[in-house]
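Below you'll find only one chain, the form predicted alone, shown as structure tokens.
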Amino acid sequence: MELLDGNLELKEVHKLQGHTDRVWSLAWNPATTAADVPAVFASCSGDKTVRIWEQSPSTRSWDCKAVLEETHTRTVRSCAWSPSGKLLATASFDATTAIWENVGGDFECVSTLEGHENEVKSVCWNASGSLLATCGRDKTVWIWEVMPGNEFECLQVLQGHTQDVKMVQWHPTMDILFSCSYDNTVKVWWSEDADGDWSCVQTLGESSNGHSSTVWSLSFNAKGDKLVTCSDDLTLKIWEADIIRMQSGDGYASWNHLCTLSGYHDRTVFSVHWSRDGIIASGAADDAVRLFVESKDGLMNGPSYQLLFKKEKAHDMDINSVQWCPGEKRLLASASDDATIKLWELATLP
């Protein structure tokens, strides 16, 4: 479907209740995108729990299949599935990251990662599932190696941010790590050889057309040659890099600012996610969801992006997370301070 031609509707198809405090984050299980596997995602909350939701293939309704509780003693801020979908990592304000394994439908906590001084804000697996990254209020980013038998060994503690680190995100195809912070920057961490030390190879800050306030979230397009960031400065920014050069082993290629999307949200933009077919979703403290796509007409001066759809009052309170389902369908999940999760379908009006 040509995105900009039709009349589009972001239709609320489900509203999921169960959490008793704000829902901070959600993560789709990557293994559930096969046609014959029911869709599953995890959500985490200020109520100290993680919930596992599964869609019934026959009725299409969503059920809470498990509640992971009595492990974290404070807010669970972030959750992430390993690429195989077998392990779930959860990061908490109790300074720990828990690793859960799905054993025949029951989730067991098989490992607890300790080391951060205080709140852990985000957790992310690399593309191969061999590395895990965490970050926190102690201004550090940790890289953990996944060992046999659900053991995790800290490879390195990365220091460089001057404030709370809000999010870590691995590049989708290469072992390059990105972190965004309350210090208004995104830092790029890279190790030149497989066994070498990681170092900060680039800082995307205000002097390089970066954000002027806290950077909350970032996401890559499917190819991995573009990156979108969102901020407390009310903007989204698109960056690009020559990743083919990097993939061919020709050293680090820097990320350059392409364009800034401003004037679309009037409060902090907390979450951004780029779908596999090129749609950027953003969720913000103005309770709204916005969708953007690359516009085809402005190619003379390089790519530009335009608003595809806006949903005012998508939730009753701040939207903390928006995540596209990795499957074929245009399904978007959103999580909010109003303690609910909503599922939206991007559909063409008849």
Partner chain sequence: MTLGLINANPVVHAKKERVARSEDPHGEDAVDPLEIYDFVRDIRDPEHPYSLEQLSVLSEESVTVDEKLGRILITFTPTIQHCSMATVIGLCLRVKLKECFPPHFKVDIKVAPGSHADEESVNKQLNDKERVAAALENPNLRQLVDECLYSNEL
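All figures in this text were calculated on a predicted structure; none of them were measured in a lab. Residue numbers count along the first chain shown, from 1.
Below, we turn to the form predicted together with its partner chain, even though it does not appear here.
Contact with its partner chain in the model of the complex, judged by any heavy atom within 4.5 Å, is made by just one of Asp225, Asp175, Glu119, Asp233: Glu119. The single contact residue among Arg77, Lys187, Lys237, His273, judged by any heavy atom lying within 4.5 Å of its partner chain in the model of the complex, is Arg77. Contact with its partner chain in the model of the complex, judged as any non-hydrogen atom within 4.5 angstroms, is confined among 109 to 117, 177 to 185, 196 to 204, 253 to 261 to 177 to 185. The candidate spot formed by Trp216, Ala285 and Asp337 is fully in contact with its partner chain in the model of the complex: every one of the three has a heavy atom within 4.5 Å. Interface membership of Asp266, defined by any non-hydrogen atom within 4.5 Å of its partner chain in the model of the complex, is confirmed. Although the partner is absent here, Lys166 is a contact residue: one of its heavy atoms lies within 4.5 angstroms of its partner chain in the model of the complex. Using a 4.5 angstroms limit between non-hydrogen atoms, Arg330 is distant from its partner chain in the model of the complex.
The closest non-hydrogen atom of Asp316 lies within 4.5 Å of its partner chain in the model of the complex.
Residues from 88 to 103 that approach its partner chain in the model of the complex with a non-hydrogen atom within 4.5 Å are limited to Phe93.
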